[in-house]
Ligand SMILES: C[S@@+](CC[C@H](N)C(=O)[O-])C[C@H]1O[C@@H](n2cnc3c(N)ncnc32)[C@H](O)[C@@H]1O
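Take a look at this single chain in structure tokens; it is the form predicted on its own.
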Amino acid sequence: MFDDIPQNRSFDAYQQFVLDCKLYWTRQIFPEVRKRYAAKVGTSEPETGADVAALMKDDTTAQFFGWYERHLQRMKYSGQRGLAVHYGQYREDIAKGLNATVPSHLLELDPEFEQPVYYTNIDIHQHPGGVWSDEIAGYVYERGAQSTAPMLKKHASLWDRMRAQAMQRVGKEVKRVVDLGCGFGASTLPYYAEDPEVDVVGVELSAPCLRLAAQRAAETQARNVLFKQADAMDTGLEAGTSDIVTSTMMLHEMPPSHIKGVFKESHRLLAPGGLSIHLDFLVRDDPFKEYVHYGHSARNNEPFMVPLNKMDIVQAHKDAGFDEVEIVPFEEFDGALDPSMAAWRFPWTLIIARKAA
């Protein structure tokens, strides 16, 4: 089985070192950069992230902050004992496990599926080859996600919190949930595991991720979930049958044309009164955070973060047919939104819309 990889102390120590460095970057270097920024500002507050970038371009701590982030991610995946390098040694065993037969109701792959060009042109997250091109990429991605946001490690699951928000806000009986851009299924799991009477569909571009998601569902003997290969803006699912359409960290990985398409598809899929709820990253009215966020976009091979942040998201939803649209901060762990929170964190944001009843 693909989880029975032999333990390797050198690999474990290497990955722990990278994680500890990430925590140092999060908790120590970021606050210092903000402190140095505040000292430079004086009485003339910058209006945009570009203004902050110009102000900080010669600051050696800010330069180190950016260099550290870029190379820690590279080390995590592609270094001497990086995830892709290490698990590549066990390719045959991992692939055998991922390709093992699962119940037919769990997985629907399309052998004729053509990946969008924007998706294949970028090694998103610095994941070598992207998460779609290698048969074990989903497995490597799952391992990599465990240290993406280290501040979450000791808190309730991000995906459990996301489900709780959706269920609290939907205001109607939930019979079907569609999880767009479901990846390896972590965001889908709370929906099908918490209530076996709810019909759940996870939609994803990457076949390697879908195979892993289906294997994880098979491990729990789930009967109420299907993982389907399709584009989130053209799912092929029946219109007007879903009570919740959701995504987690998907929108910032596609161009604005596709984001608008996702909003239209979300509206099409929803039953009257249904809820569209997307969790992603937005910065509003804070030039320093915009500067950091746009820098992260460049350093982590995520170029669509910037155009998403610049979009008129409310208008895009209205163009898709929604009337009620709400954009609110999301607390990914207890205290994350406290003003005293000094460490770096993603600007988690809920984008919520409701189809007219």
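Numbering starts at 1 and follows the sequence shown. The structure presented is a predicted model; accordingly, all values stated were derived computationally and were not measured.
Just so you know, the form predicted in complex with this ligand exists too; it's not on screen, but the next bit is about it.
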property: This ligand contact at Gly183 in the predicted complex, heavy atom, 4.5 Å; result: yes
property: Any non-hydrogen atom of Ser266 within 4.5 angstroms of this ligand in the predicted complex; result: no
property: 4.5 Å heavy atom contact, Tyr90 and this ligand in the predicted complex; result: no
property: Contact test in the predicted complex: Ser276 vs this ligand, heavy atoms, 4.5 Å; result: no
property: Listed residue (Ala84, Leu72, Leu189, Leu205) with a non-hydrogen atom within 4.5 angstroms of this ligand in the predicted complex; result: Leu205
property: Heavy atom within 4.5 Å of this ligand in the predicted complex - residue from Arg216, Arg176, His258, Arg161; result: His258
property: In the predicted complex, segment of 225 to 233, 190 to 198, 96 to 104, 76 to 84 with a heavy atom within 4.5 Å of this ligand; result: 225 to 233
property: Stretch 107 to 128 - residues with a heavy atom within 4.5 Å of this ligand in the predicted complex; result: Tyr118, Tyr119
